[in-house]
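Next comes just one chain, in structure tokens: the form predicted alone.
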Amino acid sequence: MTIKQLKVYSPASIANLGPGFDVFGVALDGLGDKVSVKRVSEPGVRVIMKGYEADQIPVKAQLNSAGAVMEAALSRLSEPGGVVMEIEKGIPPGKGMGSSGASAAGAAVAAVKLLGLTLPQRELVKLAAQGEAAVAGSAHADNVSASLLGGFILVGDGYDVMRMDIPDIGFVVVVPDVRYENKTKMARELLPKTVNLKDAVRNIGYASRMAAAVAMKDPVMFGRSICDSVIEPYRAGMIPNFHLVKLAALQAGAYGCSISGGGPSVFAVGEEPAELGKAMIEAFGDTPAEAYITRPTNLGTRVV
């Protein structure tokens, strides 16, 4: 049966999770984008934006994470025609919750269903990562993989992704009201060119513990493995009062706290995420901030 139109839901995500830069990611419950697609006779991809800060997101397909994915998918076909995409943003863009990645993942799944493509998982992840390349200049796959597959993901070479169910635990993502032009590009430019061996070993240790915690279904060890000596020190400066916010979360009972993706949001893990969020907002001081209470989800992008 030929599908003419459909809608998919793609969850938000947190990448890095402290020690797992460009490798770890987790999908989040209750926050996500909806991508509706329809085949049309006119060639090309037309993008319509709705929802969170829709007027700030480019609608030119090549500059839109979902549009770029759909263009790449259409290029695989020899038949004429195009696609109209309507993207309803449920994730604040540019805040470190995988907003562009969720749209890209939604577009990838929608493209496969709508255009009748058959792609193995690795190729699906690679297709979705082209959306990140379009908006951030880097085809990183941690956010798109988490949104595509759900759960806890580990990204390997050549878009080879391992996925595991993640134990249930409270998450809070606190979003300060700060804005940066091309935030993802800026956050990557802050990264160090070389890494101290002692810091690298420490991160490897915590990353290994985190993966083991997921496999053992131990949410406490998972949270206490959120420690980063390599990336966090360099990106902390772009977040107002970061060290006070992290300290407040830990003193309020968080198992762990770090920068959410490329920032400027900060996430914490613990049994009482609402209380953690209150403490973190207060620590942001004069910078207004909003808390998103959520949990990890083992469900990825799906047709709705």
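No experiment lies behind these values; they were computed from the predicted model shown. Residue numbers here begin at 1 and follow the sequence given.
The discussion below concerns the form predicted in complex with L-homoserine (HSE), not included here.
Chemist: Can you work out whether L-homoserine (HSE) is within 4.5 angstroms of a heavy atom in all three of 21, 188 and 262 in the predicted bound form?
Modeler: Answer is yes for this spot.
Chemist: Is there a heavy atom of residue 235 no more than 4.5 Å from a heavy atom of L-homoserine (HSE) in the predicted bound form?
Modeler: Yes, residue 235 sits close enough to L-homoserine (HSE) in the predicted bound form that at least one of its heavy atoms falls within 4.5 Å.
Chemist: Check whether residue 145 has any heavy atom within 4.5 Å of a heavy atom of L-homoserine (HSE) in the predicted bound form, and answer yes or no.
Modeler: Output for residue 145 is no: heavy atoms all beyond 4.5 Å of L-homoserine (HSE).
Chemist: Determine whether any heavy atom of residue 15 comes within 4.5 Å of a heavy atom of L-homoserine (HSE) in the predicted bound form, and answer yes or no.
Modeler: Residue 15: yes, in contact with L-homoserine (HSE) in the predicted bound form.
Chemist: Within 4.5 Å of L-homoserine (HSE) in the predicted bound form, counting heavy atoms only, one of 150-158, 136-144, 208-216, 169-177 shows up; tell me which.
Modeler: Contact-bearing stretch, as computed: 136-144.
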